[in-house]
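There is one chain below, alone, in structure tokens, taken in the form predicted alone.
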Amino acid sequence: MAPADINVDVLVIGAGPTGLGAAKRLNQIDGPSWMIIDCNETPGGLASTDVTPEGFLYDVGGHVIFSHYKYFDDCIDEALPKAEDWYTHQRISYVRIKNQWVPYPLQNNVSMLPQEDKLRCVDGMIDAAIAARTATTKPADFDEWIVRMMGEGLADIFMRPYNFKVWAVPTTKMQCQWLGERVAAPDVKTCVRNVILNKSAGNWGPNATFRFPARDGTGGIWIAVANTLPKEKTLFGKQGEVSKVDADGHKVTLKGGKTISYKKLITTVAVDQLVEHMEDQELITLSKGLFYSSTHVIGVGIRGERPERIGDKCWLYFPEDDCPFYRATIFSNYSPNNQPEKSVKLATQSIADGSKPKSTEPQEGPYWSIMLEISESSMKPVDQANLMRDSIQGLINTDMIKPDDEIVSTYHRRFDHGYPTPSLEREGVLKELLPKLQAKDIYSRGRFGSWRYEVGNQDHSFMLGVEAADNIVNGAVELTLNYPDFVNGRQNTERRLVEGSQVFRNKATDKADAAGAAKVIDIEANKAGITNGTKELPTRDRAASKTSSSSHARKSSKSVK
């Protein structure tokens, strides 16, 4: 076998949040040699940002920053450290239903619905509460969970139609173990009280407050994170595109012919595509049991002041069939830099009702923008050729824009892998597929690498990479991958960016301690505590905490004697 062009201990494929998390941790540990590659020139993956020719920014999906992990916060704050780098928002979300705006989540705000629908929802919730007292089995699927938790009224009015628009599969074909903090279960007493008093409930969910970058959209965060990594260990662009993964030979071949040899591989490639690169027929067949939907992201830039009826709304939900999209984000509300300045002159491309503009001469703003998301699958096809037209009509139908509004910019991008569906078959596939890959020294992680939507937010994705790196180097448990409810139900403060490789340095000389000076050559021996052919019992020293929060970082095993 010919020698590889590049040899590393750990190779990371993909420079989205997961791959950057792995690279960030490997760089901090400063142990195994590593490299990160991506076929895109710009890092960010599914958390990147596009810019239209007219200067409107659109994230490739609805992304905001809220976190379950201090380590994630540390890395983001290191990349964008200034107060002026961020805007902090209170989430203001509504459901568009029955020609009105109902505060989100709807199941906590049935008091805002028309009288007949209130009655249907309350009847259903009471029936569900009574049935729950005698239930002896867990719900078999997402649909059964909805009925048990909320009743038939809410199921029919909102949960079934909305979730079909999101997932592009019926709720009967989805499991319910993924739910956790994702779906609010209504409190029957509170709902009935609010119905009687005609009150609405307050905000719910982990993202009631969120951050958004002042410039460059969500993608700017990950460009900034990538810029904290040593350039010599990155390979981005066409030169980093993978054509083949030789799992048995522990070698990756790039499109240009260059080869990279590795001991461990962390890959964020969609796992169904990964096994195709591996040409492993057994795993290809196994991956066929995974289901996903595609996502269309539509952007519409509009001339004029933001309407009062839109106000400071953040993102909005649409369960009904008067529009193709399931969610809309008022993207111009996140940052004034998400659209051109008022002084920029843009031509009117069309009038919202489809008529031609009276003038095509460029004129000044101001401008505002809306980003829409539409799902697609074999069970929910879309008319791609007319999707922009149908989306703009949907905006008119839902009173988001007016028929005579001037549209100055449009954006449409389709993502084949949009949502990893928590289907009934998912866990059976993953419990077999991921261990088989790991037995080949391949850690498949990330939104589609590990295929678990419940840990698919940016903070989760980043930490899937961080924890994979820690497992490789130190044998640490991957909590985010294996225990989603655990990490989502607590503040995860154990790892800190200021406590890692830094605590292994001699402050007097600013040089690595002798015990940690050598690079890790044998990763498995390192994890097992083997040095110079002998096995020593590793000690579990704790690093001194630098903060009053008493968060501790375990020392890397390479520095433990």
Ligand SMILES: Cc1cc2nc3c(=O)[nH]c(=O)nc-3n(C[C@H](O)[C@H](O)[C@H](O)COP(=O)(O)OP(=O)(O)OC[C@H]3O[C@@H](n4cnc5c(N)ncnc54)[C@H](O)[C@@H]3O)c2cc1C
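Note that residue numbering begins at 1 and tracks the sequence as displayed. Quick caveat, the model's predicted, so the values are computed rather than measured.
Below, we refer to the form predicted together with the ligand, which is not included among the displayed structures.
Of the candidate stretches 145-153, 238-246, 298-306, 108-116, only 238-246 contains residues with a heavy atom within 4.5 Å of the ligand in the model of the complex.
The ligand in the model of the complex comes within 4.5 Å of no heavy atom belonging to L265. Although the partner is absent here, G62 is a contact residue: one of its heavy atoms lies within 4.5 angstroms of the ligand in the model of the complex. In the model of the complex, the ligand stays beyond 4.5 Å of every heavy atom belonging to P186.
When contacts are judged by a 4.5 Å heavy atom cut-off, G418 counts as touching the ligand in the model of the complex. Taken together, the three residues G19, A47 and H277 all come within 4.5 Å of the ligand in the model of the complex, as judged by their closest heavy atom. Listed residues D405, D272, E373, D470 were compared with the ligand in the model of the complex; E373 is the one with a heavy atom within 4.5 Å.
Just one of G220, G124, G456, P422 comes within 4.5 Å of the ligand in the model of the complex, counting any heavy atom, and that one is G456.
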